[in-house]
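In the structure tokens that follow, the same protein chain appears in two forms, which are kept apart as structure 1 and structure 2.
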Structure 1
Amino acid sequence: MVNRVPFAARATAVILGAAILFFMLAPLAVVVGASLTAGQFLSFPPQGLSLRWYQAVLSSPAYLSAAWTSLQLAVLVMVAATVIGTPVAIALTRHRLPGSQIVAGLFLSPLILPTIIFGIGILIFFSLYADGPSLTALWLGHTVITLPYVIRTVIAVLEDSDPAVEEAVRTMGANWWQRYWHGILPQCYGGMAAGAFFAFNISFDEAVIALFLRTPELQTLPLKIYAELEFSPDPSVAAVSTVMIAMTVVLIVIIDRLLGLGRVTG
């Protein structure tokens, strides 16, 4: 098959593929490059190489507090989405529920509603019925939008797993909680972990909901970057962004190890 692809086609594929991937990755490379500048201003190519802007970030209370908020938030969201999403996925795959198709669709619906609309929804909700924007509001908003990812990844592993394992556990005399704890849950681990990392990554990177819920005290890292870009960006923004890109690379490698990227992407 491969041998019969004409040379012209393969050459086109290589050139076109390289060009498109260059286009895809160039903006990220530019950010990484700009973070290494020794100069005063954001520029690419960088003027001289130095790590001074990374140092500037590490000694900036504003960046550190935004990073701390983002980290807290992402961990809380990751835990909540995994703990709530996994049972939903088990119920949808291992039990017969009336209208389970509709229920499954409803659980994926936060993927369809534009984030901008959901952002105002949460803002109005917390302004009318609570004390306005708060970390709790952000936690709730991010958990809702990351829940579908956990449900999908856990369903993916459960559909591939063998229901006979639970049968065996039950035949051996396990009661209901032993069946879940020793029979079903271990089969979910791969999907749970991948879903958890997706939830962490999405929450850590999300900007639109956070933008609606921002207060002077409640500032996440993507928001801090957004605000800098709106006004007067200096190379420290590029340094923070580079650290976030590096985190994403690590998470992708972990998800690939746990579940295989091919399977997650269909």
Structure 2
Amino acid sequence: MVNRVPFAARATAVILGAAILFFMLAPLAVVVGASLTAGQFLSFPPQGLSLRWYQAVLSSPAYLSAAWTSLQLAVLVMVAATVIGTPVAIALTRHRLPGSQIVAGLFLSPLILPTIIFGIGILIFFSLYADGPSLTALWLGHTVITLPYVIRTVIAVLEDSDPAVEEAVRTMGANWWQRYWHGILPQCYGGMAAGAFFAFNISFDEAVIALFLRTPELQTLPLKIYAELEFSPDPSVAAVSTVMIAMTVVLIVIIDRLLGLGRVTG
């Protein structure tokens, strides 16, 4: 079948693939290279090789505090999005609910709604009916925008799952809760893991909503990077970005080892 594809089409596909791969990886290579510079300024190619900016980041209370805030927030968002999104996905795929299409559209709307509009809305809401910007508001905002990723990944896994498993559990006399716990939920693990990974990564990297809901004491790592770039750009921002890239790679490797990327991504 491959031999029947014209050579020109195969060559074009290879060139396009290589070009896309280059534009995806080149910015990352520039960031990593800039983080290793021995110079005082953010530049590429690096002026000598040094780990001084990694040492500067790891000894900076401001960077460490922002990273700790982002880590706590991302973990809370990951847990909330997974706990809420999984039952929603199960309900949408395993039950015929009145208005289910409308409900699905509402839960998935953050995928198409501009984040800046949602950020303005949640800022106004919390300013009118709560104490204004806070970690709770930021947690709720991030949970809302990450919910669609958990719902979509769990739905994708359930649509490809074997219905005979649930039928076998039911015919053995299991009640509704036992069917859910022993028949449906284990089949969701791959989608839950993928959704949790997306939720953690998106929350850790998100800056638009955090920009509206930050306080002088509440600063996430992306906002700290933006602030450094705006007022005193130096190679430390490249070092922090490289650490974030490494963290993402480690998470992908862990998921691949535990569950397999092919299973997780469907």
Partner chain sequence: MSATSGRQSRREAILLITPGVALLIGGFLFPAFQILAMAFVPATEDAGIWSNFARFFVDGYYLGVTERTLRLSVIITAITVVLGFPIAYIIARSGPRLRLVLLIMTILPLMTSVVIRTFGWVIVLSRGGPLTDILHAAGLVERNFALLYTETGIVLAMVQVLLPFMAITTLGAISAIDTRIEEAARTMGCSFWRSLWHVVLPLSIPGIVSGSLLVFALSISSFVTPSLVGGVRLPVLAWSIYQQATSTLDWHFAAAQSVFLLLLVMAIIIPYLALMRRKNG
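Every residue number counts along structure 1's sequence, beginning with 1. Under this definition, the rigid core comprises the largest set of C-alpha atoms superposing within 1.5 Å between the forms. Nothing here was measured: the structure is a model prediction, and the numbers come from that model.
Trainee: Name the structure that is the form predicted on its own; the other one isn't.
Mentor: Only structure 2 fits here, because that chain is the form predicted on its own.
Trainee: Following rigid core alignment, is the displacement of the Val243 C-alpha between structures 1 and 2 equal to or greater than 2 angstroms?
Mentor: The answer is no, as the C-alpha of Val243 shifts between structures 1 and 2 by less than 2 Å after core alignment.
Trainee: Enter the rigid core superposed C-alpha shift of Ala19 between structures 1 and 2, rounded to one decimal in Å.
Mentor: Once the two forms are fitted on their core, the shift reads 3.8 Å.
Trainee: By how many angstrom does Ile252 shift at its CA between structures 1 and 2 when the core is held fixed?
Mentor: Shift of Ile252 at C-alpha, rigid core superposed: 4.2 Å.
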